[in-house]
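Heads up, the chain below is alone and in the form predicted on its own; it's given as structure tokens.
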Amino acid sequence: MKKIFHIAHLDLKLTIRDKAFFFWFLAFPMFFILIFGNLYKSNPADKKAALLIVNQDRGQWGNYFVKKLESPDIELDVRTSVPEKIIRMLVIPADFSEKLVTQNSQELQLRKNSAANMEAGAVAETKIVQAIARLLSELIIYGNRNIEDFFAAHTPFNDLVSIETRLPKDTVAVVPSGFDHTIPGTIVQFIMMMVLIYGGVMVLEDRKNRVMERILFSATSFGELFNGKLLGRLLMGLMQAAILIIAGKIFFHLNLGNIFLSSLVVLVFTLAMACLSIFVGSVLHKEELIVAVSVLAGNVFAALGGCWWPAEIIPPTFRILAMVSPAYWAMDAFHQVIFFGKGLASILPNLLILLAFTSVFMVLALRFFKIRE
């Protein structure tokens, strides 16, 4: 084991000594985080559950319905005409009172800006449903008496119906957006790129410079050499993840959900990339070719896998295609832990699939691993 750690430590030390280390492991990833984090963060103008009500009703039932909407959890702005810009708006039609008195069905229009905050929208919609339920319950209890005498004779039943304001069970606990999505995506993308580039190039250079051959001439076995190289690339990827997680915690208040489960996802994904990097460094014979293939594969897998944008928003056909990317399974596991609040049982299939990728890459790495040209 000592020899394995010595080989891994040497590879890690050579990586850190590289002049471009700081740029590729921190500066450039932070550039990605800033761009995509700000691109997908929540609309700052819509932090509260604000609801614009355009009350066009000619009777008194419209105003009564507005009172049913009043709550500490929602900020109401009541107007009689539609403004130019809206976040979300409820339109009470002009014949609202007339149709209610004559017991005819009617529709209330709720319009929303596509950039509006999802959580605030869920609260507003819940309050609207709650107001409708309260109004209907009062009318049912009022019975068949003359509806014209309702406001003079009825007793309010504001607590008769209670609706809990929350997102549906087993759906998002925190709406995916901003840096909490972008930083895990950047971690996954740059683990792919950096482990493949640095790990692959170092395998190539060690083979060309006969470093591995000299190691084997010492009292080191083939297994110790291979495992040392594998461990070095694993530590390389974990170092990349640690740097970005620490930066994310300090500068962007990163939320990783269950830190143990998120770390487990990082570990298994990095192990798969460590095996792949040895394979890439073994079959490609030019440094520039390794860099080109690694960058191309890293960016394609990142885009397909949901590192740049949530995979949940892409068309179903592309989501199926994305399953060939290890990044897809890592990001899906991150989303389940961070945004859906799921446990180990939910992400276990993702981890097993990533381990399957690891097994395939391991077989390929062992098959093509070369000591000399």
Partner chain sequence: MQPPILEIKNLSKAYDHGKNPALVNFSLGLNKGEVLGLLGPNGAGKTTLISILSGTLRDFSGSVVFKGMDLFADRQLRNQIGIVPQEMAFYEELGAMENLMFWGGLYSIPEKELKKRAQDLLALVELSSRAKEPIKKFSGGMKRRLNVAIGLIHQPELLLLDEPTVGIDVQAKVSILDIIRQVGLQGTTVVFTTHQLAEVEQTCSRIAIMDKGIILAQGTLNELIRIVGEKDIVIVSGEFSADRFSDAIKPLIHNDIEILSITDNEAHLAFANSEGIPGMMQHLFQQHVSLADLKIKSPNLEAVFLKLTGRSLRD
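Keep in mind that what you see is a predicted model, and the values were worked out from it rather than measured. Numbering follows the first chain given and starts at 1.
Although not depicted, the form predicted together with its partner chain is the subject of the following passage.
- Of the candidate stretches 133 to 141, 214 to 222, 98 to 106, 263 to 271, only 214 to 222 has residues whose heavy atoms lie within 4.5 Å of its partner chain in the predicted complex.
- Although the partner is absent here, N146 is not a contact residue: none of its heavy atoms lies within 4.5 angstroms of its partner chain in the predicted complex.
- Its partner chain is not shown here, but in the predicted complex it comes within 4.5 Å of a heavy atom of K3.
- Though the partner is left out of this view, D206 does reach within 4.5 Å of its partner chain in the predicted complex, counting heavy atoms only.
- Residue contact check for R372: one or more of its heavy atoms lie within 4.5 Å of its partner chain in the predicted complex.
- Contacts of stretch 4 to 29 with its partner chain in the predicted complex, defined by any heavy atom lying within 4.5 Å, are made by H6, I7, L10, K13, L14, R17, listed in sequence order.
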